[in-house]
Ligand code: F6R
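Only one chain is included here, represented as structure tokens and corresponding to the form predicted on its own.
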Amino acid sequence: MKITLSVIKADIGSIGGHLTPSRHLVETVKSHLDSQGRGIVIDHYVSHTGDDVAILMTHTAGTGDEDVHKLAWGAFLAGTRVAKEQGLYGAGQDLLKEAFSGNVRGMGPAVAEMEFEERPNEPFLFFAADKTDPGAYNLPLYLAFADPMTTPGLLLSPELAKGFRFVIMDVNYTEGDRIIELNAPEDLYLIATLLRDPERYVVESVWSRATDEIAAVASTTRLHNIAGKYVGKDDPVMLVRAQKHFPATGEILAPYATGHFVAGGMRGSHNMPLMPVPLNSSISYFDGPPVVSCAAFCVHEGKLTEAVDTFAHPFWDTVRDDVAKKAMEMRRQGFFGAAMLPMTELEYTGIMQTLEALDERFTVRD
């Protein structure tokens, strides 16, 4: 059976600032899907990570289907109405366009979708991040699909040993989808050259070279490219298939023990370590730290099992302690140097107006 997984995420309102959506908001989104999704989707799952609500849907309509995207858009509009009624902060923040135009790409919400022939047992992982951008997944994907130090399956499995194809997007290019396809392991250094700049080059998808099946797909939306100004961080989502011709679940999760530094945190303008957190966690310290959650599923004939919270295991408590220490250490630098993002990322914020005003006050000494 050919199945499509679609995950669409948006920040549509939060309690106490950029912390967490209200229960009523989340329940409204669920109710809309329950009542309006019949005949459109087979199954769905709703969760939140920080202040972002994510809708995972299974169906047979393929990627970019208008009815599926319209269903999610309608659910977000219903949730936004609740956010406004409750006076939540940032009501409808990620809904940057007023009229639905066929699908939600380019309208604000983050989107990740994959279509594939369902295996007899089909495990996959659904990642959702808050207070960071799509480049946050660059390092974990590189390590999981190209590094045998992380994924021994690249040495031990004949299928994995054939490598993976990385589709990488230049997200600074706004005239269309500017992409490049590179193969691991032959192009390993070229892949690393691009992925080291996660604000510009982002992994869009990964494909098995043994079977030519899709292995992973991530959202690549940059909100400032749509709005032309800072309107919040992009808060990406990702789907990753596991086992058999793909890395094992544990190999896919292992890179998140690093707590690598990503763009985000307060006002989306800082470098902070990424913390793996349980499902439906809120935001706290310094509008962060940037967080990522992961729900594991199996899907059979389009029906989802219950979600397994992969980062709720006691192992990750130690990781969270380490990430907290890294976050506090970086924050000791305040605004200085590497603690803040480079000017290419800050050009969508108010600091540019300050710099323009100061420029007129500079003089050239004789």
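Each form is matched to the other, and the largest set of C-alpha atoms that superpose within 1.5 Å is called the rigid core. Source: prediction; values computed, not measured. So that there is no doubt, residue numbering starts at 1 and follows the sequence shown.
Another form, the form predicted together with the ligand, is not on view; read the next lines as being about it.
Here the chain stands by itself, but in the predicted bound form one stretch of 196-204, 261-269, 139-147, 238-246, 261-269, has heavy atoms within 4.5 Å of the ligand. Highlighted residues Tyr89, Lys131 and Asp287: every one comes within 4.5 Å of the ligand in the predicted bound form, counting any heavy atom. Along 12-36, a non-hydrogen atom within 4.5 Å of the ligand in the predicted bound form is carried only by His18. Residue displacement note: Ser22 has its CA displaced by under 2 Å between this form and the one not shown (rigid core superposed).
Note: Glu347-Asp94 Cα separation is 3 Å or more shorter in the predicted bound form than here. Pairwise change in the predicted bound form: Met169 and Tyr348 C-alpha atoms lie farther apart than in the shown form, at least 3 Å.
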